[in-house]
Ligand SMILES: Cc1cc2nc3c(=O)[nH]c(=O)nc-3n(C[C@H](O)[C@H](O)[C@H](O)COP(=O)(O)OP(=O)(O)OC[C@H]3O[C@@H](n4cnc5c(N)ncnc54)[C@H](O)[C@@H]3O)c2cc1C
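What follows is a single chain, given as structure tokens, in the form predicted on its own.
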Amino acid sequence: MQHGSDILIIGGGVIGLTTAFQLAGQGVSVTVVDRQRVGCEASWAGAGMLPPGDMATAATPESRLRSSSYEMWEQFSVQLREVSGIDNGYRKCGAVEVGPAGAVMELQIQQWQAEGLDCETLDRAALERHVPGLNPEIQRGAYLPEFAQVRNPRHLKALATACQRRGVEILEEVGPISVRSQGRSVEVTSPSRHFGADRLCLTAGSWTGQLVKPLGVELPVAPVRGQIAQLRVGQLPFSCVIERGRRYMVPRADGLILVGSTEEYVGFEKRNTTEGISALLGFAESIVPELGAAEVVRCWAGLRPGSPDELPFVGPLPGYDNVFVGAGHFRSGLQMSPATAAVLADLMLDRSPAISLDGLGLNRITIPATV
């Protein structure tokens, strides 16, 4: 069975669906294909944190993609709600970074200030105003009032619904997908279908490297397991995100708190472990001791698409005229999805992207001479 479309997107996570939504809004015929249900991998599993950024001062590949996305999120959320009728839970909640006083904390504060971000240094008294039950051993922190969040499952539901209402065809549970070379273009098949399209976009997260391997391209995108615990308390002891290094707590308005996350290089093994969840619960209690009495509602795990430099690969696939990639966002797929989708849409419609791809393109990988 053959299926045709202007643009075929493989991978129905947040990057693929956001790209489809933007393209469909410009009158492009788009089909999204996923081996399972859309949005059920890393996109669904994350905590929805949206750190602030300022494009006027963004000087690194990471800050360009983060800042450009951040400036889009509020209006993007309004647009999704208008099209889908679903509220994705976007809100500015602020974030407190806690840590021992010292050079590491000072350097982080200096980096935020260099970016022009609104950042307030906190002594113990100021910390207690934001987090009344904070462990008394924590004496130093910083506050980012522009930090925002969305609720991932609601956002993915809104996004899929909005795509369909814009005419995007979403094909789920198609089984294993194969991509094969046909000269400088490719053919895409599943066990029951052959897919044709003018342009192909690969946004399959941790599986993207497997998809391009038959094309002679070694894309270093690998799964990194992240576990999360969900707690419930009668009354939220804090309303802002709390971060310490790479771990965090994200409060929801309905009394739930997400505690994350582990970073485990265990291949495509998506399951919770006693060790992982125990470490997260210990972290939560070490920051806010009263959380030791919180109810553990559920736990889950997701596979983040990691890359060697923790930056995504965004751009055309070397050696092919009509293949584009958006993968390897690691911990930042949801937060960077609006700008990533805008870049991919521009590239596939033969426009110059609004932000530079320096440091983000696939020229960071070595392509064999046979391609």
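One rule holds for the numbers: they count along the sequence shown, beginning at 1. Nothing here was measured: the structure is a model prediction, and the numbers come from that model.
Although not depicted, the form predicted in complex with the ligand is the subject of the following passage.
Proximity of Val288 to the ligand in the predicted complex falls outside the 4.5 Å heavy atom cutoff. Taking the partner from the other structure, the ligand in the predicted complex has a heavy atom within 4.5 Å of a heavy atom of Gly226. Within 4.5 Å of some heavy atom of the ligand in the predicted complex lies at least one heavy atom of Tyr248. Within 4.5 Å of some heavy atom of the ligand in the predicted complex lies at least one heavy atom of Gln36. Taking Ala284, Ala158, Ala294, Leu211 one by one, only a single residue has any non-hydrogen atom within 4.5 Å of the ligand in the predicted complex, and it is Leu211. Of the listed positions (Leu317, Ala345, Leu303, Ala339), a single one reaches within 4.5 angstroms of the ligand by any non-hydrogen atom in the predicted complex, namely Leu303. Partner contact region in the predicted complex: 36-44, out of 317-325, 63-71, 36-44, 22-30, criterion any non-hydrogen atom within 4.5 Å of the ligand. Taking a 4.5 Å heavy atom cutoff to the ligand in the predicted complex, the contacting residues in 318-343 are His329, Phe330, Arg331, Ser332, Gly333, Leu334, Gln335.
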